[in-house]
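Considered here are two forms of the same protein chain, supplied as structure tokens in two stand-alone entries, structure 1 and structure 2.
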Structure 1
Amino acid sequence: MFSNLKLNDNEAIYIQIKDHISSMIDKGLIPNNSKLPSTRELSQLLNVSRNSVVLAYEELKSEGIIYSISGKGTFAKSKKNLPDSIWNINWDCLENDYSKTANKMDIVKNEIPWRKDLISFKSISPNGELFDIEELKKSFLNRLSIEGHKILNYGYAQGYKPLIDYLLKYMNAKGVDTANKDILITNGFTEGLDLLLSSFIKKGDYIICENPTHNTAIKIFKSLGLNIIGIDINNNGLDFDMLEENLNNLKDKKIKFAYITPSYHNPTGIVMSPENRYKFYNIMKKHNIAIIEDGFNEELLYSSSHIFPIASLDNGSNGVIYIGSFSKILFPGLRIGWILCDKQVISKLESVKRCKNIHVSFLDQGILYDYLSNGGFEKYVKKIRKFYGDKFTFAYECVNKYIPNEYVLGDGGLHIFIKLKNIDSRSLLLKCHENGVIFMPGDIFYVNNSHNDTIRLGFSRLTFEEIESGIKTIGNIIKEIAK
């Protein structure tokens, strides 16, 4: 901008500088209100005395072409404030179906927002007060001292090697033989699912999932144009008859994946028994439909610890893609999850990851690795199991005491799922909202938005008093409606 100013000997330097800047502003090449170099910077740049620049700026100021703000700098005041005509692209017309669906199904945009004065049962995110901030600080300082230059620079798409190795061992201890498997670090569960599906599905493919299931998964499936086969979950768990029936009816269709959340299933909170995990695995194996296992909150298993993931039944085979995450209960703000599956699949996903966002923050991976390997996670899990376990038991009791229901589901976790007796959850929500209580209507977890008579209550961030008071309110309003 200034380096193309060639100074001559015929005219005073400050005049040449003044004319150059004036002409640039005039042509619109220095936009209105944009910052000019300081007089010191410009004198260095042009290799002239600072006085010449000061003089030029003074002249420009007196002519109203530039102005100064004390402590902030000097700015252009262009008459070319706006271009001759406005360029107005109609972005709505350019938007594709993927974005349209992702926007339409964005619950943040469509559901009642959280407010401080509400008792909110909407969230299932962890209580930040339980985080070991001091431990994390230690891990940060430790990791940065050991290899700060390294983890602050570009890393590998697959992830930070020590973290990958830690997670391989972690999965080993869950009974998973990792001999033919590998791990890719992802930005949480959501990216894991998106990466996998973007790499292996075609629009129109079929996918099996529990119904209800994780609403983000439904959103991703629909945005990518998948046909969803929902298999009912009710108070008896997964409906295996319905599963077999669908598999028979859809024999000629390309069913690529079956997505399943065996532990603390979202939204029902059901933990699938070992026998049913075995059964499910074998049915999928028979039909050659790869399983996506969502390791969702597996670490929270309060009363039924040591149930092995479906991935542990796949030892030596390559039919299960396990997606784990530390960003559900540990530090959601860090967004760290992982995919464990067949080595060759990981290699493919690694290139896709590199194509989408290069890699997950190496700083975060380094800190998390340090925290995990120093036993921070084990300590934390012990603490939160008790904390959330007590809350779960209390909330469960309150629900049974105050809310008339068909049935209540939940084996633990951070939420409870309720089927009401002929009560529309949307009208209930509106009335509850007026009375200072909100929750998640169950329909958002159903593949066809059905089951308007269900609700999910998350209690992780509420006190015992709030839990009781909120559930009482919901119960009272239901009784009023039922009258």
Structure 2
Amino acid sequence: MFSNLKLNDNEAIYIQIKDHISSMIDKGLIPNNSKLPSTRELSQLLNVSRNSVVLAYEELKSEGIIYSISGKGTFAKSKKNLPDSIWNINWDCLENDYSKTANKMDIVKNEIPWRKDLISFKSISPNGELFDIEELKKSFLNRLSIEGHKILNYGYAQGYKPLIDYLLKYMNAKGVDTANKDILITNGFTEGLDLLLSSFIKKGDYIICENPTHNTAIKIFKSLGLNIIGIDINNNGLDFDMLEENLNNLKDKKIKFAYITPSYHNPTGIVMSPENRYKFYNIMKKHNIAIIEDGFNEELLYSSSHIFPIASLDNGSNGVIYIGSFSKILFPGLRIGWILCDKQVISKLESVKRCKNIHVSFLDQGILYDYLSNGGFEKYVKKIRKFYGDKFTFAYECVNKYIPNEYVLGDGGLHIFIKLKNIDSRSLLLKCHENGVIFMPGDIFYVNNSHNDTIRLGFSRLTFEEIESGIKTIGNIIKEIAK
């Protein structure tokens, strides 16, 4: 703040110092209540007598421009509260289409918010009370002890190598051939999908997805200017006739990707059969359309043996990109996901990742790796399968008992999807809110915001009593509306 003060011999030094500080405060270059150098520091900085600085400070104090606090120092006291003129940029005019779409589709801003006094079926996040906090503490201390300061410094864009190696073995155990494949660690599923699409699509490209599908995926598709081809899901699963018809009608269009969630699909909760996974893979292979597989909640298979992901059908090939995350079952606050695909693709994505945010927190990755590798995850998964399995069975029974419906979808997971009988879900939501219950209206999961006669009920954080009470309330209000 004193770099441009040039002292001259024509005027007393203390006056020059006083005028300089006064001018700086008046212009707002020394903010109100900001600390000034001590008289000794300033005299040494300007190479002048300390008495000159003391005199300057005394003059400034007498004029009310600065003040001192015993034992703390000297501070600026600006009388100028507002600038001479207000600077007002019209940010609405500068906002681009990406931001407009993101804001328009932001369900946190635009849907009814959670409150403690509500029975909320909105969330499909894991129940944090099931987390093994003591084991996580051990993993934190253990990893910090092993890595020391290294894990607190910058890391690598691709990710923490021990975690990458663990996940490669983890995917191999799912039946995926990881030869010529690699992994990039991401900030959850959302960044993984955004990184991938940002790297390989152009505005106006086409993408296939289930309809309904993950609301965040739709938001990313629309924000990036993609043309979305929605393939209906009904009580019989994915409509393959509709898929084939769209592919035949769009032969001259460049369809870049097909996005699919084969296990515990969000929002319907259905699990695609092995036969339909094989069928879908071969259709995409025939039309040379790369598949983005969302490995959503695969670990929560309650009632049968493991169903291998679509990526396991791609052994020796490079047509499937798998995006995985533990966020819906384990420590979502760590925000760790991964992309598994062809090594050349990972190399490209690594550079894009480095361009955007350098890397995912190495400390978080290290803690998660330690927890996973020490056997805590296997014990946790066994526990939550029963916990959420029992909740799903109970919620499913309550829905069929209390809610009049056309059909109910869900094979497990953390939510149930309901097709109502000529009931507008938005009107239903408003009435339910008045009675202390909220849920996710189904229209937000459709590519064209249609099907306003559907709802999604998430039950992961609710007690059995809340589940039954809430579902009973929804059913009673539906019956009142239908009268």
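Counting starts at 1 and follows the sequence of structure 1. For clarity, a rigid core is taken as the largest C-alpha set superposing within 1.5 Å between two forms. Because the structure is a prediction, the values reported are computed rather than measured.
- As for origin, structure 1 is the form predicted together with another copy of the chain and structure 2 is not.
- Relative to the superposed rigid core, residue 462 undergoes a CA displacement smaller than 2 Å between structures 1 and 2.
- Superposition on the rigid core between structures 1 and 2 places the CA atom of residue 16 2 Å or more away from its counterpart.
- A movement of the C-alpha atom of residue 57 reaching 2 angstroms or beyond is seen between structures 1 and 2 when the two forms are aligned on their rigid core.
- Core-based alignment between structures 1 and 2 gives a C-alpha movement of 8.8 Å at residue 47.
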